[in-house]
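Consider the single chain below, provided in structure tokens and representing the form predicted on its own.
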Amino acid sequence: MKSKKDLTEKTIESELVFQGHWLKVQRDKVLLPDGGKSIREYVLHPGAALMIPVLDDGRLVMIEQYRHPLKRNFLEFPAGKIDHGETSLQTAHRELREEVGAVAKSMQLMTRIHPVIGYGDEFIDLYMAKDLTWVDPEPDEGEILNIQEISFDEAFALLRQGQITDVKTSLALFWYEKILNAKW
């Protein structure tokens, strides 16, 4: 058995390279555990929440939206970034109302994921939303969505066929499958 090494990198210098509306890019000069030096550039993100809205009949509510960086539509679960002063649970409730037009009596945290650990500090809390009441959606300005109701089997088939590729939605489907099968 090998001994366990300390892998911690120590920040020597830190510089904010870019600050946008809600994303920031940081560049750190670090001291490596072996004494060497390196540069680390990464995106600072406020975090996000995703919800799997589950209808009384078991179908799931998903949204289709255009994602500009990849220049195409994606089928996803509703999600959104955490606003200043919000908890991820508050974000989940707000985004569910804004994007889907629903209020959930039950919002169960399934897990927290870190989708891009190589170049960002983003986390996304994955929730299951149940006992939905319908209200008027309140989408953000410029947010244009198609809402779809789909069975779990249909959603999982789309995932297997490579038609659902969004990492947060993919992981949420896998977690939901385990919950459905009472494995977790």
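Each form is matched to the other, and the largest set of C-alpha atoms that superpose within 1.5 Å is called the rigid core. The first residue of the shown sequence is 1; numbering continues from there. None of these values were measured; they are calculated from a predicted model.
Not on display, but discussed next: the form predicted together with a further copy of the same chain.
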| item | value |
| --- | --- |
| L75, heavy atom within 4.5 angstroms of a further copy of the same chain in the model of the complex | yes |
| Contact test in the model of the complex: D131 vs a further copy of the same chain, heavy atoms, 4.5 Å | no |
| I147: touches a further copy of the same chain in the model of the complex, heavy atom cutoff 4.5 angstroms | yes |
| Contact flag, P115 vs a further copy of the same chain in the model of the complex, heavy atom cut 4.5 Å | yes |
| a further copy of the same chain in the model of the complex - contacting residues of 65-82, heavy atom within 4.5 Å | Q65, Y66, R67, H68, P69, L70, K71, R72, N73, F74, L75, E76 |
| Threshold 2 Å Cα movement between the shown form and the other one at F174, rigid core reference | no |
| Yes/no, V25 Cα shift of 2 Å or more between the shown form and the other one with rigid core fixed | no |
